[in-house]
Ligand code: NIG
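Below, in structure tokens: the form predicted alone, a single chain.
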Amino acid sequence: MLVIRNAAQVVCVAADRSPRKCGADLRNIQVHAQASVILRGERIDWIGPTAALPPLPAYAQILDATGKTVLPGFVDSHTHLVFAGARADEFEQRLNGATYQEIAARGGGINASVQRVRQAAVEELTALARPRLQRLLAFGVTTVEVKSGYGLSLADEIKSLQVIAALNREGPWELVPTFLGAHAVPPEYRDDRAGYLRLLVEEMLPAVAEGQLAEFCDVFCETGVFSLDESRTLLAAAAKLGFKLKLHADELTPLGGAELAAQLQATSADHLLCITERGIDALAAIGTVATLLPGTAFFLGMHYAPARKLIERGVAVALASDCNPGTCPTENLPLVGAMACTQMKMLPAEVVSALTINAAAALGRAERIGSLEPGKQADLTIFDVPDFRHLFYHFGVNHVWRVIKRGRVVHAA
């Protein structure tokens, strides 16, 4: 038994295990002042005022959280952590005025990372990804979605997914694997897009499904990458094989990826910087989570996704890091939350919901993680701040004091 006692705030977020949707709902989080939490095994057993704390057995482990704030462990529902090498040269090119598309046309972008991943062994990729996960954990992230997508061949996509599986077994984090073979068209198929789509549908997807290496299938549905029709073909094939669906949608152009996500009943549509009015209505109608990635807009110097409009129209909004080597190389998820406040005008309570229960919904896990409720998995982070709003107000520093995964302290500041 682990008891967190005397917290200034315990932020439970939701009480019904569902994503937060409308504006009032998203910011209507449960905050208990001067509260305590009892964890029994891997589950939350009790939450309430410290004054009402029941008698504790002598063997109970006590964490004195006086002056501190307890939140659900953060969920990072969109990352690209399996990569080799860096792309600082592209960062400088963008500062000199080059666009994302121009850099890709010169052989940079995703395919620059593909070349390095293809050259790396499983052991090297695992060793490179591990410290990224450790940094996420140190920022209070207990569950992480990790995509493949820098291999773009059957062998190298399998290799990337095997890295994710190995790191998931290693823990203490919980990883959710996503197959993103449709991240780009690799150089060897530049003049045979149809051939690469066939490879994805006829060979890669079945192999990944047979090996049970991924839970989700994702596609970069974007002008110049994968068209609406190509994306639909791939995702329909993935659904038949039992994959849940995600889309990189409407990031650079208003192609209609959000509408496609709704048509296919995808679990989430991500990025959405250029989402249309029809796309917003489609997501709201079907319940697909909109995962917004303000760190990417910040790093690329682009406009931000219309968070306020999405929230006001009843779309469930999640936030994620998009940690990747080219367009958002950061593991600081609370800083992403601060960006959501200052650049997308989300309120601190809305950001907490978007980083916890809604991010869990974007991974199909809201019934188990993402909020503090008796019976749910004991994933918590204790921050050395007296009020949850300080996480985004006092930005850019790490306020984490303890991280707890499945009822066990797995990181101490």
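The numbering used is simple: start at 1 and walk along the sequence shown. No experiment lies behind these values; they were computed from the predicted model shown.
This next part talks about the form predicted in complex with ligand NIG, which is not shown.
Across the options 77-85, 136-144, 152-160, 115-123, residues that bring heavy atoms within 4.5 Å of ligand NIG in the model of the complex belong to 77-85. Note on the partner interface in the model of the complex: the residue among 220, 243, 173, 196 having a heavy atom within 4.5 angstroms of ligand NIG is 220. The partner is absent here; in the model of the complex, the one residue of 291, 178, 231, 296 having a heavy atom within 4.5 Å of ligand NIG is 296. Contact check for residue 327: a heavy atom falls within 4.5 Å of ligand NIG in the model of the complex. In the model of the complex, at least one heavy atom of residue 110 sits within 4.5 Å of a heavy atom of ligand NIG. In the model of the complex, none of the heavy atoms of residue 250 sits within 4.5 Å of a heavy atom of ligand NIG. Residue 189 falls outside the set of residues with a heavy atom inside 4.5 Å of ligand NIG in the model of the complex. Interface residues of 174-192, taken as those with a heavy atom within 4.5 Å of ligand NIG in the model of the complex (partner not displayed), are limited to 183.
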